[in-house]
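What follows is a single chain, given as structure tokens, in the form predicted on its own.
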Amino acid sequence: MDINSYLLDFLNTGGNVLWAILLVTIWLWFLIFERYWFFFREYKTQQQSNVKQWQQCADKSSWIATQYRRQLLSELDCMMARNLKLITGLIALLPMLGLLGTVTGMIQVFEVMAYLGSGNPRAMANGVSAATIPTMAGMVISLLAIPFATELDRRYRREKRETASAMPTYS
């Protein structure tokens, strides 16, 4: 049995909700990798450009200069914060999808019990699998993504603070 057929069997055993969890997982990890790519590859260039623009300004104390500084910081802030809330939202969504899988799996179990009675555990096994596997998958993927989301949030806050200190005002 190759890995693809094993993965397909696993996804089919978990029911339709497990496919939704897989799609959300792919989306979540794409966003996490995209944010790391941004911070490691693109952010420093943009930050240095904005800091350089600020340092070239002769006036750093007037109201207009303060607003210009605020604009430069806000541009960087928007670039850094993009998708961070979405990442935490997807992390929160995954256990809820797992819980949905539990509910749909238990409904399958109860349907089997209604038709065949409770004396046939083999017939209920598919429903039990559909009830437990999505819950496990949603929670495990969520737990694996939390440290990355936390680190991205810390990096965002640190870079925001360091950039603001690199662009001082003179009053």
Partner chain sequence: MKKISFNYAGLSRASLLGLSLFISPNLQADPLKDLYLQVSQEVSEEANHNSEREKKFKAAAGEQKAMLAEVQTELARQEQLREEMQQTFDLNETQLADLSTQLDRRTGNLGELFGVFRQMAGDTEKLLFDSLISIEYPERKAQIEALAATTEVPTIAQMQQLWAMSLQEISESAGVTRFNTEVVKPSGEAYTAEVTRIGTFNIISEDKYLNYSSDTQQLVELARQPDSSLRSTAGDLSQTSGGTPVGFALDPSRGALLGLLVQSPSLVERVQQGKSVGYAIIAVGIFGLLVVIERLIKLASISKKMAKQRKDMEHPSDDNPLGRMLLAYYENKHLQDLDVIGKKLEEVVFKDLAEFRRGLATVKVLAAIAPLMGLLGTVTGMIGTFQAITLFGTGDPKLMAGGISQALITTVEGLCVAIPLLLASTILSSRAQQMSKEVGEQATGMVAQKAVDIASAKA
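All figures in this text were calculated on a predicted structure; none of them were measured in a lab. Residue numbers count along the first chain shown, from 1.
Another form exists, predicted together with its partner chain; not displayed. Remarks below refer to it.
Proximity to its partner chain in the predicted complex (heavy atom, within 4.5 Å), stretch among 38-46, 124-132, 137-145, 64-72: Selected range: 64-72.
Closest heavy atom of residue 34 to its partner chain in the predicted complex, within 4.5 Å or not? Taking the distances in the predicted complex, the answer for residue 34 is no, it never comes within 4.5 Å of its partner chain.
Since only the chain is shown here, I'm wondering whether residue 51 would be in contact with its partner chain in the predicted complex (any heavy atom pair within 4.5 Å). Residue 51 lies outside the contact set for its partner chain.
Does its partner chain get within 4.5 angstroms of any non-hydrogen atom of residue 114 in the predicted complex? Residue 114: contacts its partner chain in the predicted complex.
Is residue 29 close to its partner chain in the predicted complex, meaning a heavy atom pair under 4.5 Å apart or at it? No, no contact at 4.5 Å.
Considering only 63-93, what residues come within 4.5 Å of its partner chain in the predicted complex, judged by heavy atoms? Heavy-atom contacts to its partner chain in the predicted complex: 63, 64, 67, 68, 70, 71, 74, 75, 77, 78, 81, 82, 85, 86, 89, 90, 93.
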